[in-house]
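In the block that follows, a single chain appears as structure tokens, in the form predicted on its own.
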């Protein structure tokens, strides 16, 4: 009976993975003719808002911006009077394409066993066929930083575009930096009997993390002297950290975690980016002083303490920005990361302002990830990765994405949600 139960469970898992992990939207073809978007309101991010302007896309890039542009031959013209054009939104710190159904293990590939996996590249496990991806890009997201999770050193994140046949085609930039999941102190609910053991485990994790970085630094020093030494793939993947070319992404929420991570980055002289950051508002001045950027993923968060302002999670991005902290707004999840624009809209309402909120999900992520020369704003020479919306993209009521282009390719905005809506709309109509 036990064997039959296991076989049925396996069969169900296979059936689920075969039916829910492959969407049927076809990636857009490479841009062949120029595209002219006329008379739109352009939210350039880098140069303010331009009303009644045109945008010319050629060979996958933005080639001209201005009023009354002359269309080259064979140009596709999009009349966009009253429409809003934005750079494609950049989703940071997400497990999109790595996690489909959390309760079905076969659809989850966001972590690896062990504590020392800096050599793992997330785009290798990324599935561009995920049913979740079309629902996410339908809300204006063109690119995503696919991020590993797990214990201690979890791997390297990758930046991908959300309209591709396979992981190689999707890859925009790989090995963005090493990710560390910072150990957390034992929770208050742990019993008095089990607390000593939990504290010992916590201290062991901190010590182990230090040991890993000491080994990595020694490997870097040895490699500088003799690059023919035996290659350790773990520490070799971290060379960019010590060379200052890549950041250390630290996932931490609580104040004690953040303070420990800041001391850690100073001790090893590393360029640090903080992810999560629920309590970052408590140490905003220190973060600014140490030039530590923040990817804040709690824009819809709840108060962490009984005496905390009920709106603290909404106010944190504006408080960090006002203190001089480079702050992006991310969404550390998969399916609900489609709400990225609305998270920015919430932050805009609570002091950040619309222009800075838009920047927090476009240009600032591009800067943190080292792709600001290609993405994040409407500028001549940058990628033609843009979104045309009927209304304000940060407003969940007025927001309606009409068209999307990634590197000049028009993206199919159909998705499972829209298909189900049409299906059950017909049922209502036919009654």
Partner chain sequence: MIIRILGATISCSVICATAFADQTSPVIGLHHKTPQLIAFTNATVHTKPGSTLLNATLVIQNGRIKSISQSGKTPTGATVVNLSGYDVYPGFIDAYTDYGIDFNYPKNDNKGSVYRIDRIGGNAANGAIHAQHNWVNSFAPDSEKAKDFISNGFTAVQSAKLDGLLQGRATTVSLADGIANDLILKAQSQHFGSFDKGSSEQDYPSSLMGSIALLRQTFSDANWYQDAANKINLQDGQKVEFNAALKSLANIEQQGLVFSTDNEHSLMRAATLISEFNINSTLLGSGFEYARINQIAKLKTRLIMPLAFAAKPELGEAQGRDISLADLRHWERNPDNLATLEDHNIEFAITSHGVKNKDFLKNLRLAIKHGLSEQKALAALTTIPAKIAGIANKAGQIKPGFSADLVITKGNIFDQGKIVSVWTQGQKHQLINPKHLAMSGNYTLKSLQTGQDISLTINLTNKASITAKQGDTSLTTLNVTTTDDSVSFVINELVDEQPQPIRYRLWQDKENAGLMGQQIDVNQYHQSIIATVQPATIKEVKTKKQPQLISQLTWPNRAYGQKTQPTAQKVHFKNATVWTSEATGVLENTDVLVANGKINKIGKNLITPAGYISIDATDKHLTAGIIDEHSHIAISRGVNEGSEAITAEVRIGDVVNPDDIHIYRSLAGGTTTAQLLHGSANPIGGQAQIIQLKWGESATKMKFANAPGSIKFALGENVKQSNWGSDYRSRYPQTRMGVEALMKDAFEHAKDYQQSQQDWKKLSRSAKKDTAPVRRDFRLETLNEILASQRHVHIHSYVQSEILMFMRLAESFDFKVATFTHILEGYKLADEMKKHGAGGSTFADWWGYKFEVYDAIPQNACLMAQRGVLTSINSDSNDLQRRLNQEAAKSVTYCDMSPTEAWKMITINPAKQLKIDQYVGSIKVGKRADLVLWDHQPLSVYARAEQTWIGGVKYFDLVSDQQARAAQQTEKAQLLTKLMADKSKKSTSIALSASEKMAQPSWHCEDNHDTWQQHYKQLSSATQGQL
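What you see is a predicted model; the values in this text were computed from it and never measured. Numbering follows the first chain given and starts at 1.
The following text describes the form predicted in complex with its partner chain, which does not appear among the structures shown.
Of the candidate stretches 372-380, 47-55, 26-34, 386-394, only 386-394 contains residues with a heavy atom within 4.5 Å of its partner chain in the model of the complex.
The three residues 131, 189 and 192 all sit with a heavy atom within 4.5 Å of its partner chain in the model of the complex. Exactly one listed residue, out of 112, 168, 232, 256, brings a non-hydrogen atom to within 4.5 Å of its partner chain in the model of the complex: 256. Interface residue among 103, 221, 227, 200, judged by heavy atoms within 4.5 Å of its partner chain in the model of the complex: 103. Among heavy atoms of residue 308, some come within 4.5 Å of its partner chain in the model of the complex. Its partner chain is not shown here, but in the model of the complex it comes within 4.5 Å of a heavy atom of residue 302. Using a 4.5 angstroms threshold between heavy atoms, residue 265 stays clear of its partner chain in the model of the complex.
In the model of the complex, its partner chain sits within 4.5 Å of a heavy atom belonging to residue 338. Annotation for 326-353: interface residues with its partner chain in the model of the complex are 335, 338, 339, 342, 345, 346, 348, 349, 350 [heavy atom within 4.5 Å].
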